[in-house]
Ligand code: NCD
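In the form predicted on its own, a lone chain appears below as structure tokens.
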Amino acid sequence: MSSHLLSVDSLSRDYVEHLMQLAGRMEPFAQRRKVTRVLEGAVLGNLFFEASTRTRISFHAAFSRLGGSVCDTTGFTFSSMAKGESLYDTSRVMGGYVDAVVLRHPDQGAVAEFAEATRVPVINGGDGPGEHPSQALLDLYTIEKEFARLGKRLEGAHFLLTGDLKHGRTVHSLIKLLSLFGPLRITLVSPPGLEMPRHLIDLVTSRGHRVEQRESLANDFGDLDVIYTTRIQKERFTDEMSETFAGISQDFIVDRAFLDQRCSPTTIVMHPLPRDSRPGANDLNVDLNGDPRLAIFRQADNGIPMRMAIFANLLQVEDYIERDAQDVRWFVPPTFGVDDRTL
């Protein structure tokens, strides 16, 4: 058990496997079949100083489903940081108000700085282009569930990470987390100038994994198990970069034709979301909607049990989860999306 969740660097394989098992115990509560109140009376400070929908609400819902309550702050405008308050002061004050903090901040390293000033658990909800450890954990949880459904094993699997690998904090955390398992084969494909940072490639190869970099998706990927694609994060571009990447080549687009022609029928497609669905955005194509290989919505759903597991672990209530479990009393639909299928 750790006091904070700031980076995948602090996680051991044993700890990750424990969280995976704990997330499995959270499934009945995440899927609205059971109710637990182990965090009744506890308060979460959900501090998001950068735009977010899924992550913010996912953490909020996870804490609430454990019986806790949540205080939200979104953006700098309504924060005392707009008045010049330091991260240290904000952290110290918040620690006196709440029992745990989730922090998203546009500056890499800001969440770790915030955690230095408090003893209540702090979870990194994304620090600029740095890391997003809870996303990587829910991604791995999704991969394990999808592999179990397909009769596959993580050992020896082939992963394709594509998109903005330079600024994508989700892939930074995921590649480090995957490197704790294996051996794996990892292929990296990104537009020139948006490659995975060299130090992460060196880390993964030093742990015995095979890493290959390619310039486009114009190859055969018939043995591919997982595609993890990310949007081009133009909000992190300099003016010069914005001109360079005004149009992204079709060589980097994951769509139905790419899956049908170059991949296996069992290749899983993942994306951390949000997906830019506007015409010409060149993100993961919407023509895959309804395709059972598209796991992005199951992936998002898996954020609830995983984040519940993180809270239960950090706040030391694991042993009490099932003790007061009750059946839900409200209507819960059999599937959450209109195009969800039974797999």
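All residue numbers refer to positions in the sequence shown, first residue = 1. Every value quoted in this text rests on a predicted model; they were computed, and no experiment measured them.
The form predicted together with ligand NCD is left out here; the points below concern that form.
Within 2.4 Å of any backbone or C-beta atom of the shown chain, none of the atoms of ligand NCD lands once it is superimposed from its position in the predicted bound form; the pocket counts as open. Per the 4.5 Å heavy atom criterion, ligand NCD in the predicted bound form is contacted by stretch 47-55, the sole one of 284-292, 62-70, 47-55, 309-317. For the candidate set 112, 87, 273, 201, a heavy atom within 4.5 Å of ligand NCD in the predicted bound form is found for exactly one residue, namely 273. Contact with ligand NCD in the predicted bound form, judged by any heavy atom within 4.5 Å, is made by just one of 118, 170, 190, 179: 170.
By the criterion of a heavy atom within 4.5 Å, residue 132 is counted among the residues contacting ligand NCD in the predicted bound form. Taking the partner from elsewhere, residue 105 is found to have every heavy atom lying beyond 4.5 Å of ligand NCD in the predicted bound form. A residue is said to contact a partner when one of its heavy atoms sits within 4.5 Å of a partner heavy atom; residue 145 fails this definition for ligand NCD in the predicted bound form, lying far away. Using a 4.5 angstroms threshold between heavy atoms, residue 207 stays clear of ligand NCD in the predicted bound form.
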